[in-house]
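Quick setup: one chain, the form predicted on its own, written in structure tokens, and binding and motion questions come after.
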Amino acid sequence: MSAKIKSVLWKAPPHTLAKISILQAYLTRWFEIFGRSKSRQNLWYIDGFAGPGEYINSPTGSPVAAITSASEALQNVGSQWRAGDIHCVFIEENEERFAHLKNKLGATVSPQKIHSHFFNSTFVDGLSALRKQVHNPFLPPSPLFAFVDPFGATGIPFFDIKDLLSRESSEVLINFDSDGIGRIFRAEEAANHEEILNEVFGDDSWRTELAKHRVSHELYRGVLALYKQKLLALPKVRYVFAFEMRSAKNTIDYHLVFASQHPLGLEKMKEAMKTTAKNGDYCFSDAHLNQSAMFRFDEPSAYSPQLFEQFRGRTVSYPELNDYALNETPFVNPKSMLKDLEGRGMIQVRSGDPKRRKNTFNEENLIDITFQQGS
């Protein structure tokens, strides 16, 4: 989203509509999974920068997508629903957009199990107000999904992201303006960079890390890498993945960064992302909206060399390979890449199944996999 937008409603660019599609597809899965598994626990969705609820060219903003997903999940699960109610929290600072949002959702009919909470405030103040409510997702901890979608690079302190992710069944999807943060870093004091970057990253580690990437096209990747590193350093957060979003000129706009404690969450998020991506590299570009992909970037042979270099000369367990595949490649597991590497004689597989066939990887029987030293 552009920081220059000042109207109540605006025309959403294709990558924004793609972002909403990803959110809606994932939330439906999220509500269904926890609806079946979390007995009597309420499920919480937090929209940190909710906006007006719609766009000039689309009736579905993120708040509408959330309500729609919750309604679909309740219908799909039916009598198997074991969880409590669904609570949707909408935080919006702009008064006119906030009023439009309340009117928009007020005209929406939803099941009795879905409850909406509105806060006309900043993201930080909205979270603080939510904590003071009698019914909130923090005491006792409830399954929580937060969509944090600000205008520009500021307004999402790492402290609050850390707090959201400190609970077992919590996940976040963040619109992370890696390019904008890079520009703030380059502008230095003229952009009040120290205060902003300390807030974004939670400390001053950016001073040395970002200094390594002075070239513009490298800097935004360094910004993203540091942010992912900070997320993965949080207790129990093991799964972080970034989905690249590009502008109509095919330049980087922002990243959608997903963080979770559970592999199933990232598996389902990748499924939602992949239905939206126009090529297989999890990079949605407006410039490619009406073009057919000439080739796919998610072919195993495109990523198996990366996997090999990561583990060259080592003997590793399957779970370690699985985590790497989830966090660093488009795949939900490493099997297709391992098949490619075994076919080229670059790995040796040790299995507890004496009848194991080459190029099959049953994780229950795999003991370990040795990566050769050579290329």
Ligand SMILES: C[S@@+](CC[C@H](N)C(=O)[O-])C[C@H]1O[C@@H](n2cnc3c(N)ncnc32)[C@H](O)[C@@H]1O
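Sequential numbering from 1, following the sequence displayed. Only a predicted model underlies this, so the values are computations on that prediction, with no experimental measurement involved.
Below: the form predicted in complex with this ligand, not depicted.
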If contact means a heavy atom within 4.5 Å, which one of 28 to 36, 58 to 66, 316 to 324, 338 to 346 is the stretch that engages this ligand in the predicted bound form? 58 to 66
Could you tell me which one of 301, 128, 122, 110 places a heavy atom within 4.5 Å of this ligand in the predicted bound form? 122
Which residue, 179, 160, 93, 199, is the contact with this ligand in the predicted bound form, using a 4.5 Å heavy atom cutoff? 93
Evaluate residue 147 for contact with this ligand in the predicted bound form, applying a 4.5 angstroms cut-off between non-hydrogen atoms, and reply yes or no. yes
Test of understanding: in the predicted bound form, would residue 44 fall inside 4.5 Å of this ligand by heavy atoms? no
Do residue 97 and this ligand come within 4.5 Å of each other in the predicted bound form, heavy atoms counted? yes
Is the gap between residue 151 and this ligand in the predicted bound form 4.5 Å or less for some heavy atom pair? yes
Stretch 33 to 54 - residues with a heavy atom within 4.5 Å of this ligand in the predicted bound form: 47, 48, 49, 50, 51, 52
